[in-house]
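A lone chain, given as structure tokens: the form predicted on its own.
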Amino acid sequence: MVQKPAPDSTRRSEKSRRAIYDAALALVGEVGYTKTTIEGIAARAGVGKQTIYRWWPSKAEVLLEAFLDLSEQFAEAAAPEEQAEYGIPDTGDLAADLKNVLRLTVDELLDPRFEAPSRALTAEGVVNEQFGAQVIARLLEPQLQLYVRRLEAAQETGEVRPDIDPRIALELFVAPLAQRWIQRTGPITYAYTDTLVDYALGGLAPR
């Protein structure tokens, strides 16, 4: 008798994890974060809720990891094939590079796949300080460091004053966009982010 190979638990776990990611993102988009539950995610993913609790302590952590995975897929799709690590391209034109990446950010913020989970994570991070620290450390800060590295490169080429702090400088265009998106104080457009870059670089350029 030919013995059947044992089930591959690694593949089974990865399949379940992927189903849970998809279920969490879909439910938040359909019913909102408040009405999304671990039980609902489990039912949608076709797994037991104990499977979810074995990997994550709450729906917030499930959603964060699902969103990180989605963002990674988006970044990989946006990066050139020859680029080993995702980052802000350096074409030698700082303004063009920043405008390009902010336009991609606009696309992401307005994409229904991203908007609902983004808003849910932002809101939960405001009311839950411990979870908010996770969002900053695992999601926001790695993205902001891409801007830091690009601005540091611009300092080396003389496009940006050597005395500025890149981590503070990036907030001149990133923070207004985030504030407008969170509070819905105005439209999120390419023209808006292009203008943010123009205004910011006017203050960062060598005098």
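In case it trips you up, residue 1 is the first one in the sequence shown, and so on. The structure displayed is predicted, hence computed values, not measured ones.
Separately, the form predicted together with another copy of the chain exists; it is not shown, and the next lines address it.
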Another copy of the chain: the contacting residue among 70, 42, 60, 169 in the model of the complex [heavy atom, 4.5 Å]: 169
Residue within 4.5 Å of another copy of the chain in the model of the complex by heavy atom, from 38, 47, 146, 140, is 140
So, 178, 182 and 203: all three within 4.5 Å of another copy of the chain in the model of the complex by heavy atoms, or not? yes
With the cut-off set at 4.5 Å between non-hydrogen atoms, does residue 125 touch another copy of the chain in the model of the complex? yes
4.5 angstroms heavy atom contact with another copy of the chain in the model of the complex for residue 196: yes
I'd like to know whether residue 152 contacts another copy of the chain in the model of the complex, with contact meaning heavy atoms within 4.5 angstroms. no
Find out whether any non-hydrogen atom of residue 160 is located within 4.5 angstroms of another copy of the chain in the model of the complex, and reply yes or no. yes
Note on residue 187-residue 34 C-alpha separation in the model of the complex, which departs from the shown form by 3 angstroms or more: farther
